[in-house]
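First, one chain by itself: the form predicted alone, in structure tokens.
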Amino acid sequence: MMEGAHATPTWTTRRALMAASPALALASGWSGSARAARPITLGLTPVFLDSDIVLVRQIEAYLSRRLGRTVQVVKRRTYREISALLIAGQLDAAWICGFPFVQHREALSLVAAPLYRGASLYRSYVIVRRDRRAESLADLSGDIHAFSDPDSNSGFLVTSAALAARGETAAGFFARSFFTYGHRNVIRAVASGLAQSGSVDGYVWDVMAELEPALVRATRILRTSEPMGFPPIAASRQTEPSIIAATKAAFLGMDRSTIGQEILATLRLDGFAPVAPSQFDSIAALWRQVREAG
């Protein structure tokens, strides 16, 4: 959303991947030349660890080892950029948000979803500064509000739907709003006073409370959404089925290898699990609510 009005949607989301296992490589004739084949590409969007080069290299190493073929992580600034590459088949897979998935589910196949605190669910938070005297969304009328990304469920859609239920739009309810293109940046904007309130991924806020407690302590949660489907790993329907199957096996088995356990520990995740499209029905309902409200 742009200043004082709706921003032109620009996409930013989380991460993605793809590849084929050594067994599949042999079965499909790759054998010794497998590593000479084009890299399998996994898209990642900006989240709280976007700048962690070590983590990116660990993900590439783990997937390349499991899939018997070079895996290359591709990062972009917005959810839309990653989603566009994925839909066009220029990425094999990506870690995306549930909102882009419901918008483009006909072009995508679900691979797996993270397990966070034992379930593939997370929440959206509306946050304010800790000393702010506000008790409900209604108290934020006239705020400068920080959103994460126009194609983020937790960082935009949930709050927009809550306002639509009140007969409001973000453009009319807030004095001004802007996109930070990163959930950690929403926390920073509110903590510093650049924004008076913000919409943020609850998983990111919770983990940042552990990693950067001084920053997060400057904010507090004003509103918590119902649980929704955690941002999934999705593949392009143009990706070879064998690559999708091998990538799924790699993610589902991440908790059973040393490097995989290190990745999960860094991300504060329990592992990955199979996921069905119905997991994102509540997000689709929010999208319909916002569209119908105009």
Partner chain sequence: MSARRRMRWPLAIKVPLLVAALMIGVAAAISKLVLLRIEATQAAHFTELGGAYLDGLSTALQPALIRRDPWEAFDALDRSRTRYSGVAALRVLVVLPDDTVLAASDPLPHPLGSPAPPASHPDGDPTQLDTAHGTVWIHRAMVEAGVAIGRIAAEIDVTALAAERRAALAALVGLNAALTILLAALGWLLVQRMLRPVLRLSDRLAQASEGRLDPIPEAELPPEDTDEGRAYRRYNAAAAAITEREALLKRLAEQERRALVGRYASAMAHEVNNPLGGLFNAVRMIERHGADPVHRARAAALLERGLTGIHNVVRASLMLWRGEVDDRPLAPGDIDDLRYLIESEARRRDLVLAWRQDLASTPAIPAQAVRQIALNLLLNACAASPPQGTLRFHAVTEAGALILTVADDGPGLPAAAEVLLTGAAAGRQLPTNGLGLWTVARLTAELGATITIAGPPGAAITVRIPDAAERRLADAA
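Positions refer to the first chain, counted from 1. Everything numeric in this text was worked out from a predicted model, so none of it was measured.
The form predicted in complex with the partner chain exists for this protein as well; it is not shown, and the discussion that follows is about that form.
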*asked:* Please identify the residue among S160, T219, T180, S124 with any heavy atom within 4.5 Å of the partner chain in the predicted complex.
replied: T180
*Using a 4.5 Å cut on heavy atoms, which of I96, A189, A112, V204 is close to the partner chain in the predicted complex?*
A189
_Is it the case in the predicted complex that R130, A134 and S141 each bring at least one heavy atom within 4.5 Å of the partner chain?_
no
*asked:* Please determine whether A107 contacts the partner chain in the predicted complex, using a 4.5 Å cut-off between heavy atoms.
replied: no
*Closest heavy atom of G193 to the partner chain in the predicted complex, within 4.5 Å or not?*
yes
*For N185, is any heavy atom within 4.5 Å of the partner chain in the predicted complex, or not?*
yes
*According to a 4.5 angstroms non-hydrogen atom cut-off, is R77 in contact with the partner chain in the predicted complex?*
yes
*Picking from 206 to 214, 170 to 178, 98 to 106, 85 to 93, which part of the chain touches the partner chain in the predicted complex when contact means heavy atoms within 4.5 Å?*
170 to 178
